[in-house]
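First, one chain by itself: the form predicted alone, in structure tokens.
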């Protein structure tokens, strides 16, 4: 799949601006960026759900805008979180999708059995979806993307809204699909690190970097260590300033209302002193966790958006 100067404007607002990105092979690529960066808009242009203002979205060399049927013949998608009719069973829901997608009748049962098997929902295939948990429904949604045995799968935050067990189940499913190209957006950097081999980061509709996770981490994570610190109350500029003045601190970045990531000099003594210094501020620090290399790179590339 390839974006060539892909652009989408909503009035005067440029959601995606001249995006150039070429992804190929069999692997999982994480699509990262803050809220409003243009990730879902990009995916919707690749799937023909919205029309690009300019440029092209190509799948297997075919422009989605010019020939949607041919472009999407080898592609399957899960954009946002579709709802399944609660009165249907997984088998009934997938049968309906097979008919819509033109899967030959002789192949439908086999395709459904294989898809439900991959997402570990075989024993629930004849139960009503209305009684399912969010995680179970999402597994059925993922199964729907496998019915046509696609070469390319586009997933938009497949773990959103799930509990830890549901997240783990979806990650396991994605990791099992090793013989396809999977393009997956996510806000969960630990999930991307575990599942993906490469990452593409965008912000304000523009590509910042596309490379292997190892290369992105090595280039942008910096030479220091990093920890994420959580507080019981909102982090204000005064607290950020006080932490910045502690010995060994290089940078301090707010990641949300009650968390900061602190980059520091990479040695054990500096980390111990940092822990003592933050505790000594008596600002309500309640957690102190190692920040992943990808998270550090993300914060380096994508500036504060609060």
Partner chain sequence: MSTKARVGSLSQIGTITRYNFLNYFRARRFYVMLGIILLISLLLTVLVGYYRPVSFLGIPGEPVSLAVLGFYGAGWGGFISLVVIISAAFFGGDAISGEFQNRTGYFLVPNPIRRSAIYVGKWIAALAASTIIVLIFAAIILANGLYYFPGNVPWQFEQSVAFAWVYLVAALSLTFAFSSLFKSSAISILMSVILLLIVFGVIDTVSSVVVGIEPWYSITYGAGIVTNILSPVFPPHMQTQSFGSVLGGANRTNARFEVTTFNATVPEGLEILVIYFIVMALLGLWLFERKEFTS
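Positions refer to the first chain, counted from 1. Predicted model, so just to flag it, every value in this text is computed and none were measured. Between two forms, the rigid core is defined as the largest C-alpha subset superposing within 1.5 Å.
What comes next is about the form predicted in complex with its partner chain, which is not displayed.
- The contact with its partner chain in the predicted complex, taken as any heavy atom within 4.5 Å, belongs to 97 out of 201, 97, 162, 195.
- A heavy atom within 4.5 Å of its partner chain in the predicted complex is found for one listed residue only; from 146, 174, 155, 72, this is 72.
- The stretch that touches its partner chain in the predicted complex, counting heavy atoms within 4.5 Å, is 89 to 97, out of 185 to 193, 89 to 97, 228 to 236, 204 to 212.
- The three marked residues, 242, 265 and 294, fail to reach its partner chain in the predicted complex, with no heavy atom of any inside 4.5 Å.
- Heavy atoms of residue 39 never reach within 4.5 Å of its partner chain in the predicted complex, leaving it off the interface.
- Contact annotation: residue 102 falls within 4.5 Å of its partner chain in the predicted complex, judged by heavy atom distances.
- When its partner chain is considered in the predicted complex, residue 246 lies well away from it, no heavy atom lying within 4.5 Å.
- Contact between residue 77 and its partner chain in the predicted complex is found at the 4.5 Å heavy atom cutoff.
- Contacts with its partner chain in the predicted complex, taken as any heavy atom within 4.5 Å, map within 40 to 66 to 44, 47, 48, 49, 50, 51.
- The rigid-core alignment places the CA of residue 84 2 Å or more apart between the shown form and the other one.
- The Cα shift for residue 107 between the shown form and the other one, taken after rigid core superposition, is 2 angstroms or larger.
- Core-superposed comparison between the shown form and the other one: the Cα of residue 152 travels less than 2 Å.
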